[in-house]
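Take a look at this single chain in C-alpha cells; it is the form predicted alone.
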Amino acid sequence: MAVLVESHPTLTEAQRALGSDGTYLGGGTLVMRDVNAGTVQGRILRSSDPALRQIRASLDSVEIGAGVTMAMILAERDLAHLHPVARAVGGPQIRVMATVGGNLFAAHPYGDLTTALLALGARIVTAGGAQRPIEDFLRDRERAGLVAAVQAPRPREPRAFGFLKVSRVKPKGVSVLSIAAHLPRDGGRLRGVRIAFGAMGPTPLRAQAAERILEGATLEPGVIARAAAAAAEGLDPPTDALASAWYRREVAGVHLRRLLERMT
C-alpha cells in the first residue's frame, strides 16, 4: 500500500481529517521507523500549526507545545529543570526530531520525558482545548486523540525535582528504568510528593507506596530507606531484552534511594 502524506494548517483540522485509517506524524522518530519497516502505511497526517512549537512560561508553570523538540527544551532557560530529561533522550540527531507529543505516546523502552511529566503532575491539552490530568491520559492514550500541548508546574527550587535514567549503554541507551521525583517543601517537610517510574509497567506509573512514606516527612536517611524499600510496591515491571521483571523490582529501590539522596 502506498503512503500518502497530508499536511494541515491547524491541529484541529488534522484531528478532523485523521479518521480511523490515519497516522499522525510529529517529529517522525517513531512513525518514520514504522513506515520504513512497512508496519505503517496509508495516510500520514501532519500539521504546520505554529502553536505546536511554542513554549509559554510563567512564574509557576509552563505550557509546552506538542511539537516542541528535545533540542528546543534544552535551548530554553525556563525549562532548565527538564534539561537532564531531554538530554537523556537519544543523541543529538534524535533530539532535534523527537517531540513532546511523540514522547507521550512512546511505548517502553522510550518515554522518559513522559515519566518526568507524570512526576510533575502535568495536564494534557488535546486538539480543541480539552484538558485532562496526565494519569487519565496514560490510562487511555491510544484513544486520546491528538495532543496540542502539555501544562506542567515549574519547581520552586532546583532540588525539588530530580530525574535518573538507568541504561546499559551510555550515554544514549534506552531505559532499563527511569525515575522522576517532585518533592516540594513547606517548612522543611515534603508536601505534594510525586514519584514516577518508567519501565515499571505498561506506561509510566506513580510509586504511590513510596509517596505515602515521604509525604509530610523530612528527607532524612531513615525516611529515604523506607521509601526505597517500598519503591516497587504496586508496580508491574515487564520482562524484556533489557532486563527481567525480577531485576527491575530488585534495583528500583536502589536507584530511588540514590535519586532521593541527591535531592536532600
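Because the structure is predicted, anything quoted here is derived from the model rather than measured. Position 1 is the first residue in the sequence shown; the rest follow in order.
A second form of this protein, the form predicted in complex with a small molecule, is not displayed here; the remarks below concern that form.
- Using a 4.5 angstroms threshold between heavy atoms, residue 237 stays clear of the small molecule in the model of the complex.
- Interface membership of residue 160, defined by any non-hydrogen atom within 4.5 Å of the small molecule in the model of the complex, is ruled out.
- Contact annotation for residue 25: at least one heavy atom lies within 4.5 Å of the small molecule in the model of the complex.
- Interface residue remark: residue 35 is not counted as part of the site for the small molecule in the model of the complex, having no heavy atom within 4.5 Å.
- Segments offered: 190-198, 72-80, 128-136, 168-176. Contacting the small molecule in the model of the complex at heavy atom distances within 4.5 Å is 168-176.
- Between the options 155, 121, 145, 84, the residue in contact with the small molecule in the model of the complex by a heavy atom within 4.5 angstroms is 145.
- Shown without its partner, this chain lists 62, 232, 213, 30 as candidates; in the model of the complex, only 30 has a non-hydrogen atom within 4.5 angstroms of the small molecule.
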